[in-house]
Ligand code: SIN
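The chain below stands alone, shown as structure tokens; this is the form predicted alone.
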């Protein structure tokens, strides 16, 4: 009888020890929250060879996590569905919701990092918006995929795994919002989508990637010098909407049609994606000058793809156009939206384009 009791007690002790060891192992890992917004990474197609014509955001976050159980080797992960959209349909409202949720989670001691799954069409814009509005040095990593989850060559599972690896790594702390796809780690400010279909689409032209995931190990080799995340002046906690800012694309034989329409629509700012060094067609320049005279902020950006927009013609200075620095038009729009929540002073806004 005593021996049976001893066996039972020993068995219970071993079970308790096993539970304690499992708890300790889980406690040793960082806690990473995965926020899902839909996109190709959660896409479903009619066949396993289809890489276009799929339904974006068809799969929930739990399906994505369960498809890559290896993520649990690097972190204690849990998922939350923010929305389920094709990222071409991204909105300001979702940006505000996502930023506020990131800040809520990152303020907690039991959250060490965040991964966001996202469609690739507007991924760089969401990344830059969060880079300016997330108030934490903890890692925020955005990932996506160029091929749907149902494809035999799906890139989403490895991208998700690598994103969790980066978010769980102390090396990722303090580098701003990071974009992780195709084994590359890029900074939110400078990365852009460069190819319509290739899995190697996200690049940082000229400046290069911040780092790589080398056979599962995140390595950071350089950093961005521009202010981001916890050090920015932008606060969206009490915002319910963003100022109305439009991008107008400059071309040969341009005219004032879209500038006039933007003024009539009540925009607060215009990004002019000019030719070359943010050059403005003479037919559009007169209309943009009317816009600034009416209190609308005009920023010269460039459609070129690389390089900085710097002071050029004297008329641009006289007409109070702002230089867009090296931000592409879509990111210049985001910075101007946030700038206009703080000030309408043109010098202060120009300083922001040199800081951020």
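Not measured: the values here are computed from a predicted model. Numbering follows the first chain given and starts at 1.
One more form of this protein exists, namely the form predicted together with the ligand; it is left out here, but the text below deals with it.
When the ligand is considered in the predicted complex, residue 85 lines it closely, a heavy atom lying within 4.5 Å. Among heavy atoms of residue 187, none comes within 4.5 Å of the ligand in the predicted complex. Of the heavy atoms in residue 140, none are within 4.5 Å of the ligand in the predicted complex. In the predicted complex, the ligand sits within 4.5 Å of a heavy atom belonging to residue 40. Of the candidate stretches 242 to 250, 145 to 153, 259 to 267, 74 to 82, only 145 to 153 contains residues with a heavy atom within 4.5 Å of the ligand in the predicted complex.
Proximity to the ligand in the predicted complex, taken as a non-hydrogen atom within 4.5 angstroms, holds for one residue of 56, 36, 288, 309, which is 56. Taking a 4.5 Å heavy atom cutoff to the ligand in the predicted complex, the contact residue among 193, 281, 101, 135 is 193. In this stretch, 160 to 181, not one residue has a heavy atom within 4.5 Å of the ligand in the predicted complex; the partner itself is omitted from this view.
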